[in-house]
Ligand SMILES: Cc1cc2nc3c(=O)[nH]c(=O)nc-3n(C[C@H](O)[C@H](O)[C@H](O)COP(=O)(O)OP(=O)(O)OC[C@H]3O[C@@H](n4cnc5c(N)ncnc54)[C@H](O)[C@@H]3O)c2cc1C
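Read the single chain below, which is given as structure tokens and is the form predicted alone.
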């Protein structure tokens, strides 16, 4: 069950084009890959919490990997070690852990939930991570992924790894694909095998009451990303 925690920051630092935030919540919490937490931004001009998927969970510590995109995440990036954050979760559903040969595809900051997923999967896994340029990643961060699975990098400008879009290098040679990234990236995944994707969208309440994150499926039904997701069978959505 989700609850509110007062998490003390033990790490909040830039790591390539992203920030790595780790908080100690003082107790063990059960978190499944793909779930997220809502973090309160203590500014008078920001009402809604910000949603962050789990990057890693270890004992009483939760880690989040995020990109600074607005005043909320800018404020968060300026918090120092020892600061207490009001955190609500875990929320949402999770990735299924039913594949023995998996491809984990991340576009930009969409790589965040794939690390904890990769640690939780059994069998052979491969990470396929894409970004506009190689400076987006920090070597330390890439090594973490490489320690738990094969790693392939794609950059649009060709400055690191293969050149092009990450979706150009997806094929049917796996049992299942797990993905997270921009909507246009997820729409471009065209394969014959099962695909689970975590949708990136603005989330308000976090438990489906406000219906502010509703998406329409291919069958004309409506799903709440925060409650019915954020993980979906992509073939039912796009």
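As the structure is a computational prediction, the values presented were derived from the model and not from experiment. Residue numbers count along the first chain shown, from 1.
Omitted here: the form predicted in complex with the ligand. The next part is about that form.
Partner proximity in the model of the complex, defined as non-hydrogen atoms within 4.5 angstroms of the ligand, places exactly one of 170 to 178, 51 to 59, 23 to 31, 189 to 197 at the interface: 51 to 59. The closest non-hydrogen atom of residue 73 lies within 4.5 Å of the ligand in the model of the complex. Taking the partner from elsewhere, residue 109 is found to have a heavy atom lying within 4.5 Å of the ligand in the model of the complex. Shown here without the ligand, the chain has 203, 230 in 203 to 238 lying with a heavy atom within 4.5 Å of that partner in the model of the complex.
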